[in-house]
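Just the one chain here, the form predicted on its own, laid out as structure tokens.
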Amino acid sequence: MAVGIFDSGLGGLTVLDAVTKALPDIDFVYYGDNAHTPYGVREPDDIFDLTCKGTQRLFDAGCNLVILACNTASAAALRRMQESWVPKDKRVLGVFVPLIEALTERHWGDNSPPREVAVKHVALFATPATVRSRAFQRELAFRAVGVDVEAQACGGVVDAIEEGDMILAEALVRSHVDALKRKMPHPEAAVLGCTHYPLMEDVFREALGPEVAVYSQPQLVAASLGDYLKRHPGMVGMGETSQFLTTGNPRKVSDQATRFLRRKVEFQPA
């Protein structure tokens, strides 16, 4: 039984790590589109086409359910995929849902009118494409009123992480936090809207200060996925082997992933 995890590169490994620990009896097939990363600078049609191609590969591997562990793909492609592309017997879910569930303290199935929530000032750190899409603000508005969201496009951070240059990544994170604070000096909460960013979560927290609540995705996604599979057990596909697939150089990606997860990972050509 396998569930698919899709990402534009290595960031989704933070989600994979959390879900494998939370759901040890489930096999996961991970697909990293490392040949085309980062998605955050691509146009929506390009993101849609690449995401569909990767998701189809996961369907072919026996996954009935695919998690887009990529905020850019979730923002730019998911709704279009669900409306026009995903087969009726398959499901594709994004990673915004658990974030907004946590931020608004209401379940996704709660279809009551939008209401006021405790947090009023939210900083969103995301890729340029995610920020342009305004998908986070749109989904949040369905559930909450009176929330001011200030988005900061964090150019260069994903590239630095993918290349293993954590010194540059840290410098960029601090620069982007400074830029956000010039626009919103006192955020109450900060959303790390890219699955690469948990690798820099400590830097975000330090730069933002202890008074800011930081919402990071891996554990939230793991809890949400566990709840979803309890309600929809039939969505666990027929795939029976955990595997790692990449469109990039398998040896290079394996080395990078091993460094990120601190355990041996072997990627195969997608």
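Remember, predicted model here, so these are calculated numbers, not experimental data. A residue's number is simply how far along the shown sequence it sits, counting from 1.
The following text describes the form predicted together with ligand DGL, which does not appear among the structures shown.
Of the residues given (V122, L99, A76, C194), C194 alone sits with a heavy atom within 4.5 Å of ligand DGL in the model of the complex. By the criterion of a heavy atom within 4.5 Å, V158 is counted among the residues contacting ligand DGL in the model of the complex. Interface residue remark: T51 is not counted as part of the site for ligand DGL in the model of the complex, having no heavy atom within 4.5 Å. In the model of the complex, none of the heavy atoms of Y31 sits within 4.5 Å of a heavy atom of ligand DGL. A residue is said to contact a partner when one of its heavy atoms sits within 4.5 Å of a partner heavy atom; P218 fails this definition for ligand DGL in the model of the complex, lying far away.
Residues of just one listed stretch (32 to 40, 200 to 208, 221 to 229, 52 to 60) have heavy atoms within 4.5 Å of ligand DGL in the model of the complex: 32 to 40. Counting a residue when any of its non-hydrogen atoms is within 4.5 Å of ligand DGL in the model of the complex, the hits in 70 to 96 run C70, N71, T72.
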